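One chain comes next, on its own, written out as structure tokens in the form predicted alone.
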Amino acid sequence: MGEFWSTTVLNYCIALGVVLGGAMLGGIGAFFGNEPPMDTMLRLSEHLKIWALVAALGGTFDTIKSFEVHILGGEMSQVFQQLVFILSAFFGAHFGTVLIRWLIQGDL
């Protein structure tokens, strides 16, 4: 598998892991703090989506800078690659939220 696809899969898995791990550990913390853990997990999974994207992409400024450099340089294939990386991170974060919702509510 090439570097492009391995980076795409890595971004997906990192974003998924940030949402799942953060929500589950937050649920454990809520349990010890006498708060409803399921509600906390659901709320955290929604709030962690943007941070999962940032963590998977390695910082948003690098991605924005890459867009600027490649668009001005006329390298549209590089712009397409960056868009795929962003989308894979988004889908990983969204799937993590869907999994948490499924675990808590029992439906999608």
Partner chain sequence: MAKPVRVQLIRVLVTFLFGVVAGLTVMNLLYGEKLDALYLERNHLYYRNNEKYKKIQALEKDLNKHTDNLTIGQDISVEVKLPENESRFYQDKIQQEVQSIMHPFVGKSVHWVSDNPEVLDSLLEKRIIQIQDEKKPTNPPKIFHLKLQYLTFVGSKLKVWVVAHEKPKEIEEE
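Residue numbers count along the first chain shown, from 1. From a predicted model like this one, the values you see are computed outputs, not experimental measurements.
One more form of this protein exists, namely the form predicted in complex with its partner chain; it is left out here, but the text below deals with it.
Of the listed positions (L87, V9, V98, L25), a single one reaches within 4.5 angstroms of its partner chain by any non-hydrogen atom in the predicted complex, namely L25. With its partner chain omitted here, the record of contacts in the predicted complex names 27 to 35 of 50 to 58, 78 to 86, 27 to 35, 64 to 72, defined by a heavy atom within 4.5 Å. Although the partner is absent here, L44 lies well away from its partner chain in the predicted complex, with no heavy atom inside 4.5 Å.
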